[in-house]
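Coming up is one lone chain in structure tokens, specifically the form predicted alone.
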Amino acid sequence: VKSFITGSGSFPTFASLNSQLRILVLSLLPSTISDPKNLGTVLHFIYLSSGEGMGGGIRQLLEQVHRLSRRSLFRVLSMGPLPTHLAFIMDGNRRYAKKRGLEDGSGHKAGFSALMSMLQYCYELGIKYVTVYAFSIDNFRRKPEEVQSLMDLMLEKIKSLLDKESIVHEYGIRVYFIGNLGLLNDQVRAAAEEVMKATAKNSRVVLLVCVAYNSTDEIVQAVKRSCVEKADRDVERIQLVDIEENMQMSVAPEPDILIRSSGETRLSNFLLWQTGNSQLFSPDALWPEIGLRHLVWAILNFQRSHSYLEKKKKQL
């Protein structure tokens, strides 16, 4: 089997192997691919694997190779400190659609797929919290037809989270919707509340979706709630901890890394209270183009400066 992978000897098709040999071949692939000299041979093997009668086997093979290689990569990354909380500003969906001549809304659909992939990677890495900036309060200023289109798409995607085969159920993800939900239409708000209720007992990963959100609004609302709680006492005795406890994002620790796609370095009124000690990463890729390599690079940069950031936190 090793000669089959490394290139010595003849190349039978993958379809010609029995099930036990197929499993053995797949188990050997990660260590083989780690040697650059074997990469071309493995690609040739994959090409030959698409013989007649194999059907969808080539796709399954590629998925197995990707999954096993990713697992090996994540094992190496886990030797260093890993972030507990990642936050994403999903920028560039409209530019992605325009760049490829796609119809309106296609960029946001592609962006949703990118988000599902990123959630999978975070789950496999053991990252507990993921926060995404899905829709700003400022986005309501866009053209009414565009806002309605985004609300319709949001409703569709929120409902899809309730499907039994969704990633939410597969990985045990608890979902929070953070923001002024009263600004959403009744259908979207009801769907969001249903998802939060349905996932309330999940605990493996926490997904925080910031919708109808901006940071200044979150801070103002937290101050108001703190004042109400102190109504029967001296309002001047409100402490920092009172406000922090009333922040909607208090259900999660502060983000370790904030990633904004499309090369932009602005925070755009997102998690201003929580990101004072977060590491910023701004890859040039538009959000639907974001991938594993961007995540890995962000984590490597985080690991490189981790000791310095931890020292700074202790000084505060």
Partner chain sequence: MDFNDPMLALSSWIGQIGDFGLDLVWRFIHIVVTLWHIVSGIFESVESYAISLGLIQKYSSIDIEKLKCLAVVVDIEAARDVSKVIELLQWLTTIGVKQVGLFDSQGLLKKSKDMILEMVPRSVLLQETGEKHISPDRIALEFISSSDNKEAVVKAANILLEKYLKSIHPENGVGENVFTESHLNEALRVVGESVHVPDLLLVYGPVRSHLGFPAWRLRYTEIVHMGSLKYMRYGSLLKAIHKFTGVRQNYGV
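Numbering follows the first chain given and starts at 1. Predicted model only: the values in this text are computed from it and were never measured.
The protein also exists as the form predicted together with the partner chain; that form is not presented, and the subsequent description refers to it.
Using a 4.5 angstroms heavy atom cutoff to the partner chain in the model of the complex, all of Met79, Leu280 and Gln315 count as contacting.
Remark: of stretches 107 to 115, 198 to 206, 236 to 244, 152 to 160, the one touching the partner chain in the model of the complex is 236 to 244 (heavy atom within 4.5 Å). Taking Cys227, Leu183, Leu102, Ala190 one by one, only a single residue has any non-hydrogen atom within 4.5 Å of the partner chain in the model of the complex, and it is Cys227. Site annotation in the model of the complex: the residue of Gln60, Thr275, Ser69, Ser250 reaching within 4.5 Å of the partner chain with a heavy atom is Thr275.
Using a 4.5 Å cutoff between non-hydrogen atoms, His169 does not count as a contact of the partner chain in the model of the complex. For Arg293, no non-hydrogen atom is located within 4.5 Å of the partner chain in the model of the complex, even though that partner is not displayed. The partner chain in the model of the complex comes within 4.5 Å of a heavy atom belonging to Arg94. Shown alone here, Asp138 lies within 4.5 Å of the partner chain in the model of the complex, counting heavy atoms only.
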